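Only one chain is given next, in structure tokens, and it is the form predicted alone.
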């Protein structure tokens, strides 16, 4: 296997106002020109993880890690100047809310070209128009001089993607890039991201709560719960042969067109994560005494890494419960 483009080891994040860590010592890698997805419910730590890698968390967040290697360099030690250069030229970022991500009083082009020196901007402007056309924006030469409020949500997100590509990055971090958009626009943007990956040879870190989105783009998927990784592996294997009860019920909770949702997931606010033992113990329908007293370590089982004391029983329980794991299984 080739050297990872990005290697994250023992990442921890704690917000000053919080009693628990938002991210609790997680590790993962992204290979060049591949897509890794991070999925989980709101509050799982997935967006915090993505922003921590890009060093974009606010000052109230204390970030620690053994290392965050990007192209072989530990960016934990990077200066502010080095980080700006990195985000300008090597790492593109697409945020989740196309409206909140823009300053509505400044022109689209002005905002996207701000990161570059004034001497570069004329050439970059032409390149930006090219990328805006590439992502499906008609009359890009006019749109670049418009204000964001004059564009639809889908157009704003397309413009942000064009801006993220402007520095010819090798890694694109996309934090819930389609969550605020309607279903039709989501499908268009997912197809666009897939095509751009192939054409540009991009690696991607995709943050999403939607496994249907993930299944279309990502080669590998990390499942997070309450700041920890509970399962990780090839996306198709993880979706079709999940070994962690949370992953199974996360998949089964997704509504389908032809049938009702089969599993209701409690929110973190209703059922707090376990502070001892397995992080999922307070919500897991398969909990046994060891789950409350001993934290399961991530271990490689077949093609996936899973942190569950009862991983070997999940498949059997699925077979007898018509595909979902409940407290009656």
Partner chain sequence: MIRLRAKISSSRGQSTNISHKVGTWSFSAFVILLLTVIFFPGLFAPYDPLELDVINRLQAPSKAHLFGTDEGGRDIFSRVLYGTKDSVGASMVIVLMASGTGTILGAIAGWFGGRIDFYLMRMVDVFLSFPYLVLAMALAASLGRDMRSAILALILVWWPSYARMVRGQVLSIKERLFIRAARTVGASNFQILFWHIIPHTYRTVGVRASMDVGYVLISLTGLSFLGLGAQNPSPEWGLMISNARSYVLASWWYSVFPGIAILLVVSLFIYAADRFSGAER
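Source: prediction; values computed, not measured. Numbering follows the first chain given and starts at 1.
The form predicted together with the partner chain exists for this protein as well; it is not shown, and the discussion that follows is about that form.
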- Query: Is the partner chain in the predicted bound form near all of 16, 59 and 100, within 4.5 Å of a heavy atom of each?
  - Reply: yes
- When the partner chain is placed as it is in the predicted bound form, which of 71-79, 140-148, 110-118, 226-234 ends up with heavy atoms within 4.5 Å of it? 110-118
- Partner-contacting position among 35, 51, 281, 26 - heavy atom within 4.5 Å of the partner chain in the predicted bound form: 51
- Query: Just one of 160, 91, 202, 129 has a heavy atom within 4.5 angstroms of the partner chain in the predicted bound form, so which one?
  - Reply: 160
